[in-house]
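For reference, the chain that follows is the form predicted alone, supplied as structure tokens.
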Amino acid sequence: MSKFLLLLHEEPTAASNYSPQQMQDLIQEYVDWSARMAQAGHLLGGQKLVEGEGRIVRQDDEGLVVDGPFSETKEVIGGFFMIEADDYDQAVQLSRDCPHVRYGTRIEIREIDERHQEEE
């Protein structure tokens, strides 16, 4: 099996109009999905990222540049899951019923290159 990172893209204000009950229902959907994935042996981990914070580090002619938070950005990575799957087809199939897809957002699936892991 290979490991895949599911990057959960979202619009930062997408859930800002949700009632407290709607937020609880949404969180419960993620908890339920995660539990099903873990029970099936596919979920390795995952976390929601802190909203409104982050940095981008890149090299340019003047040296390192650090930007953030992303107030002008329309889409951010709001969290991630790490799963195990046979291949991309299975990773896509496993992700199709993730609640993140149902709410007009998207999941970017990237296979982890395990050839470059440091030995412990």
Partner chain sequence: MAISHEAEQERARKMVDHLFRREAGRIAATLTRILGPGQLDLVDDIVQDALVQALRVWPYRGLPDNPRAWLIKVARNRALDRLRRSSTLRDKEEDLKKWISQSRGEAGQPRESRFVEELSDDQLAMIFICCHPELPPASRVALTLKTVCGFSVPEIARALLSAQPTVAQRLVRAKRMIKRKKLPFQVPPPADLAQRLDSVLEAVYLLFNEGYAAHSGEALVRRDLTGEALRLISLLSAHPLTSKPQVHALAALLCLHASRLPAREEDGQIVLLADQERSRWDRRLIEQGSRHLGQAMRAQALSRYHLQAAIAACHVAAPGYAQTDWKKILDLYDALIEIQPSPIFRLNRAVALAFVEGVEAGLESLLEIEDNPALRDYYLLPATLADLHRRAGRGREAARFYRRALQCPCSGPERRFLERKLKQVEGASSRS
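Residue numbers count along the first chain shown, from 1. Everything numeric in this text was worked out from a predicted model, so none of it was measured.
FYI, the form predicted together with its partner chain isn't displayed, but the following is about it.
By the criterion of a heavy atom within 4.5 Å, Gly54 is excluded from the residues contacting its partner chain in the predicted complex.
Using a 4.5 angstroms limit between non-hydrogen atoms, Gln93 is distant from its partner chain in the predicted complex. In the predicted complex, its partner chain sits beyond 4.5 Å of every heavy atom of Asp87. Its partner chain is not shown here, and in the predicted complex it never comes within 4.5 Å of any heavy atom of Gln59.
Residues Ala38, Gln39, Gly41, Leu43, Leu44, Gly45, Gly46, Gln47, Lys48, Glu51 are the members of 36-57 with a non-hydrogen atom no more than 4.5 angstroms from its partner chain in the predicted complex.
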